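Given next are two forms of a protein chain, the same chain in both, each as structure tokens and marked structure 1 or structure 2.
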Structure 1
Amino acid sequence: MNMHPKLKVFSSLLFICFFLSYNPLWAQSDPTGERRVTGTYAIKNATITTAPGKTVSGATILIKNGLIEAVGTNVRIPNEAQVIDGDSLFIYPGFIDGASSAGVTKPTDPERPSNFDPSNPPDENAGITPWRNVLDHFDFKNNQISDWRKSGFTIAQVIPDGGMLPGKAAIVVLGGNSSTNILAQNTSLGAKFRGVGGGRGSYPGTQLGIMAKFRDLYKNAEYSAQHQRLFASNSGLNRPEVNKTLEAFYPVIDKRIPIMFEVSNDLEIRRALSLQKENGFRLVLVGVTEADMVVNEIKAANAQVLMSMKLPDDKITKAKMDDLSDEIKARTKRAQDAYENNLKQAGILEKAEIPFGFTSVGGKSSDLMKNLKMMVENGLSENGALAALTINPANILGISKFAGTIEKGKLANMVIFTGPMLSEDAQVRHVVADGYIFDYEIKTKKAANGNGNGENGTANIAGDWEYTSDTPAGSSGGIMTIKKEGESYKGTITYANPAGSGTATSEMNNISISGNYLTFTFDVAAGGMSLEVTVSGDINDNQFSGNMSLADFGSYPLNATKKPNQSTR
């Protein structure tokens, strides 16, 4: 991936004069060479889907300084524009992530005070930090941001991490590194049914306590607001006690911002809906996976929905049934039905006319298109899939004035594929975010021979690989040994022992190779828990280049070279 700092000679002297006289920044030299020379781009003769269901072919799109200047079949391309040939490209509005944890770190828990009372802990020790701004715990340069951008996302609402009321969210554009990229902050209040008290024995420790604590906070925030109003307009009253927790609720009570409630199943959806019904706040359900049991309730409550883009692992549809007892056969069938029902949820929401968006929380960027296709195969319309990534989240986040579609005057955010978005071989070629163009390499299916790949175009991965990986903790590396056993692969990987010195070895699991795309996982024991690391990337000429991702901790580049002189067949 690289940004477009390509030099282009201005053909118009007039334009240079214009910039010299009106934009002093441009008059300075740029020894870093990072600043782009033009903010004007034209993508010519492409197939442009401006909004779900609205596609024009042979169209041109003109981008100027971060905004869409023109789109259509009859666009005049100014001289200063850098022209990108879009002959075989398909352009869609940039995807919008309704709730994302990419680049967000969990603030460290504060020290417990010496007089700590677990039955009545200070708010901050109880996961009650609604005053927090996620941007104070957000790193735009985190690799997760570029991973999600690579899959087509151009805007994300980043949500804070923490306890039952972790803080306020912000909306960022996934643009260039020279900007803060903030579109809006304090855009919603986060809420969860998971606290910090449970494992540590402090209040509130369970959903029982969390529900009750939420109600009391909300009610007292209303009274506190009332007190402040009274105090402002009357004399002879006791002063209100300023409490930052309660004040953080004011914009929610005034319905200026919604509460983003993270839910993990239909019962939690009902719990969030009942809190909404009692208190009357605007509600966005985040991470919805089981909606079919509650569509009527969601509609009646006018709650908004961000579906999880994660789908359950398919461990079940290919189960061999022949040798099973009738009872196990019946159970297997039920599990298969349950699995299929999970795939249908997006389609069910669409049919119920609930305009849902997606959240990436808990999902993997590399699974996005695969999961989307599965949802479409199971009832979601193609337009519905695009809407869930564009106009729906734009409406839910209240940013449809400037995002969600490709229209003159909107932010220049788009994702450009090599084929129709949901087609088999479509790959992301460019992502335009905030007017910055990000290019991605296209993986071509290599010929069968002559490049170290095995038969049928599948790379031969058996052998010893030396790898290096760069993480914030420094560079490390080791050896991956892969052996072919029958139709599948087995292997081991060595790495610097996180629990001490020397190297540790783990089994490689789920090794899968398709074409030249290799993925596998391995478990690292660290600090008493087991962490799953997922590695994925491409093999070309005995070189592997890809990423390793550590669940919630981020994703880091991993490159490997196959050791020569080995008999690997």
Structure 2
Amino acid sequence: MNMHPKLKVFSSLLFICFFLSYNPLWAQSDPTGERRVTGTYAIKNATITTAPGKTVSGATILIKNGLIEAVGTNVRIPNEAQVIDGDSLFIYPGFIDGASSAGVTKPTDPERPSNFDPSNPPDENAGITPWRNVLDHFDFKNNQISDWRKSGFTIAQVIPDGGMLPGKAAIVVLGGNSSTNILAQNTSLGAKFRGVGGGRGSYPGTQLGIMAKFRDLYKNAEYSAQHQRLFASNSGLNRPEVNKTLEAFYPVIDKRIPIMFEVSNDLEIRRALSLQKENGFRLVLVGVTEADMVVNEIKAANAQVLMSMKLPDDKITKAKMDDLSDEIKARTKRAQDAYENNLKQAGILEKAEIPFGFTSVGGKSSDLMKNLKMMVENGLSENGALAALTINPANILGISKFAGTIEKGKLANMVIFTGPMLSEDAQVRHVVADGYIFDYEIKTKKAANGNGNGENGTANIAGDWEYTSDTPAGSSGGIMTIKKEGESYKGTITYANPAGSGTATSEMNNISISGNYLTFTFDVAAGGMSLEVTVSGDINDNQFSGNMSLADFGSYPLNATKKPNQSTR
């Protein structure tokens, strides 16, 4: 069996074992969710937010066989129910990811035929595979899923990876690892302003080429569907040609499913809206970041919106302006203004009365609450933030009849915090998905008392850290060396050489420490490719617990210890 090149690389990278497992603000006591509520279960005297703006104190929620049986202040608890005291718990509807790539792998690129014509390539070579089902390339056991579930997500619409038309999405509940988690298949058709590998010199290799190709496919699909209907009801007509690319458009033409267009800026939003106006399909804009430029156009088109959870890096806000030239100062100021404007996008959509959800594509689960708080500080209401995680994506995905709020008869999907969701010290205590309970122990935050902490309670990360990590390939380790330079940090990390001999070293990039929370990235060269690795985790008493994640391959545990006499380096 031939292994995909990236999988070959990752097989080698497993021996690097730098994957730093995320040991978040809470550690797991039952992260597998093996316990499913098959009988009757009650959480009493909790503060329950059944929907944005609707909160009941001292309430009880009754769950039976994975469904919500009752919720309120006068719920009768049957004798057979298992009871949890919820005096200090805050319960919210389970979060819904409007578009997710967690657990999804990219299909192997097809080989070019010997008679390959770059001006008219076969559909698969052009990134046109609308017939694909994302579930054929989805793994419920992928660690990325457990990472997002730790943050409170209980349902996700998973979208396929690929080129211009990568395939159809599906909606899954993040409960047990079985096919019963599939809520709906072929729920939307994915689309991007991107071909395979940027086009590789073949058509359609540009955004304008993609638009032209899309128009051509859509019109031909309309003609094909019309021919199919006429053939079925009339005699004397030629039998329609079977074309799986065109047939994949039929449910879009009939408006049974929308097209989910991934967009990265206001120009791409305008182009997607233009295609919708020409052809009349239902449209969901995915990954929106520059909505302020096209708010009126989005409203006029009645397009639905999934905002990116990802926010830009805030390093530009910390730039020292004193010694810069006037030109560089002007550029820096424009970048700072753009950063500030990005934080306001969610509030702008809410003010414009455009209901929106979130997509996790490109984001990190560990950044969810931090980014939500930043959006709220910049104009988004707290009810708007909760709506974007619950009821709005439920409406966009068409699943509001069984998800999005806490009501009798809906799926037992909820996230349970130790405090109000956006409060400073709130931590996830339980996540219930499809009646499966995932428990997380609460981690007590330590005040700065000289135990490896610097000024203002920020962990002192400068020094040499010896780490070990565990992956399916075994256990190994290396050294992280971090130095402070002014207000920033630089560092290197060593790991087992993927080439098979000795160790290799990589620069640590984007090093950031917030309180005791450390994040950074680094690149690994292996198999002729450069892969970016993201590291995040907590530091306490010169001990690091975190995770390292690589797109498509999940996260793996790593623990590190700072070497002695390094605290003031």
Partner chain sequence: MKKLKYILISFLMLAVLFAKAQTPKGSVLIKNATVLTITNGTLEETDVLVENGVIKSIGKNLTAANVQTIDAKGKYLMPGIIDAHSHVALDAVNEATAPITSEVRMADVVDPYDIGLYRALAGGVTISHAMHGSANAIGGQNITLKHRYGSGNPEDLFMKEAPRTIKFALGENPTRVHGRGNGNQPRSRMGVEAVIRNGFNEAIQYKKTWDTYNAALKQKGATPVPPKYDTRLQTLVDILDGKVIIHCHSYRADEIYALINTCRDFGITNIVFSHVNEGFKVAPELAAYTMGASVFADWWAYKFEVYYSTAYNAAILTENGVITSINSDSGELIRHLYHEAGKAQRYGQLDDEQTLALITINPAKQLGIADKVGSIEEGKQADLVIFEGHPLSVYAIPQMTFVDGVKYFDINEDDNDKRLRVSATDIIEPIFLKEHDHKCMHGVDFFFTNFGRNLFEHGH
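Residues are numbered by position in structure 1's sequence, first residue being 1. The model shown is predicted, which means the values in this text are computed figures rather than measured ones. Take the two forms, find the largest set of C-alpha atoms that superpose within 1.5 Å, and that set is the rigid core.
In this pair, structure 1 matches the form predicted in complex with its partner chain, whereas the other structure does not. When two forms of a protein are overlaid on their rigid core, residues whose CA moves 2 Å or more are considered shifted, and residue 226 is not one of them between the two structures. After superposition on the rigid core, the Cα of residue 216 moves by less than 2 Å between the two structures.
Annotation for residue 353: C-alpha shift under 2 angstroms between the two structures, rigid core superposed.
Structural comparison between the two structures after rigid-core fitting shows the C-alpha of residue 506 displaced 2.6 Å.
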